[in-house]
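As a starting point, one isolated chain is supplied in structure tokens, in the form predicted alone.
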């Protein structure tokens, strides 16, 4: 099968596609050409109201089902997504510009993994019995209610599933707002969940930019907000959600360190640096963009990295031979080019890349800087593009202190053959999601999230259940009540 680039309507509410042309037009731009491939409309107040009312109603029906029944729906949705992986991947490539070579294995497939995992977990979500002498107590794990998900533009299919799967497994409903830059694939994931048996209204998708997001996260019908986005956006959403004392999960940005010791397997370390800087054209929040390389191997590292960059194939992202796509938008490309100019101006040595690519689309060369110091802008601020900064180090304590010298703490990685050192260093690095002799793996079985300004809460794994449910405690007295009067 294949999906039309122009969806049946802009929004998916109460089990069906819904349109309201009173909303502002929302053009969908293909990043590889700059052409408009679809036009949607932002959600009006009427659309938002309709979505939240549908979610409220469906949530009560869904919560009354057993966990096993809910899990069956999620697992069925996972199977449907896997059956349609190629069509969903093509749609994702049109929407994001990411190479089909990548979306075939990393996007809809990841969404299916999340739905399958939490589908299996749904029937196991129980409370506990606590004996208190002759008295006793018990706990009940309950859903929160209506959850709002706010998505980013780099992994649209994955993000809606990472948020919806645990939410639905716990008995909640979801209203999801994808990024206005990449609005297409979320509609299809919601469609699949409904086809798999989710009650109409349980999963809703509404389109729009910041104003729509603000309306959702401040609505009194909303019990939980989960955002994937920048630190700046996170501050606003967190503050808005706090007004209503809503539960929140914030998966924000990073400026993560990747440390390469002198005994590392150099080819693997270079591969890790590539995965941590150039996969998805560098548009990954957990990227290890500060690559600390031991001074004794720095030049060899740079030489091998430069050689590997000869394997970059830019072009039509729908061609499976292409392995490096465009930036998601012209604006994002301009932001990245601005950082590259700052790197040059502040004295970093440009080793590779550094320029926009002539022709249609928003392509930019994979860029490597060496001789980067800790105080340079490119070493302090999240770039969210294919810019790798190499910093020198000599001493373990020194590199750990420098790695931790950031307000963010999403991820960190270390390459070394000395596994005692690997665990020692990871134990001291202040980051929530870490890697040893690898980088940017994200299996659904492991929690994902950050510390410091990089976020609050965790996505994936059993840890996510704590962020999409609440415990009710019940004390039971078996004898008489003693009172002072």
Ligand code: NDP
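The shown structure was predicted, so the numbers you read here are calculated from the model rather than taken from an experiment. Residue numbers count along the first chain shown, from 1.
Not on display, but discussed next: the form predicted together with the named molecule.
Enquirer: Quick one: is residue 382 in contact with the named molecule in the predicted bound form, heavy atoms, 4.5 Å cut-off?
Expert: Residue 382: yes, in contact with the named molecule in the predicted bound form.
Enquirer: I'd like to check something about residue 233: if you look in the predicted bound form, is any of its heavy atoms closer than or equal to 4.5 Å to a heavy atom of the named molecule?
Expert: Result yes; residue 233 sits at the interface with the named molecule in the predicted bound form.
Enquirer: My question is simply whether residue 197 lines the interface with the named molecule in the predicted bound form - judged by any non-hydrogen atom within 4.5 Å.
Expert: No, residue 197 is distant from the partner.
Enquirer: For residue 120, is any heavy atom within 4.5 Å of the named molecule in the predicted bound form, or not?
Expert: Close contact is absent here: in the predicted bound form, residue 120 is far from the named molecule, nothing within 4.5 Å, heavy atoms only.
Enquirer: Even though the named molecule is not shown here, does it sit in the predicted bound form so that 151, 237 and 251 each have a heavy atom within 4.5 Å?
Expert: All three within 4.5 Å in the predicted bound form.
Enquirer: Please pick out the stretch from 67 to 75, 340 to 348, 209 to 217, 188 to 196 that is in contact with the named molecule in the predicted bound form, where contact means heavy atoms within 4.5 Å.
Expert: That would be 209 to 217.
Enquirer: With the named molecule left out of view, which of 224, 290, 98, 177 would have a heavy atom within 4.5 Å of it in the predicted bound form?
Expert: Contact check passes for 177.
Enquirer: Going by heavy atom distances of 4.5 angstroms or less, which of 108, 205, 269, 410 would be at the interface with the named molecule in the predicted bound form?
Expert: The option sitting close enough to the partner is 410.
Enquirer: If we check the named molecule in the predicted bound form, which of the residues in 115 to 132 reach within 4.5 angstroms of it by a non-hydrogen atom?
Expert: If the 4.5 Å heavy-atom criterion is applied to the named molecule in the predicted bound form, 115 to 132 yields nothing.
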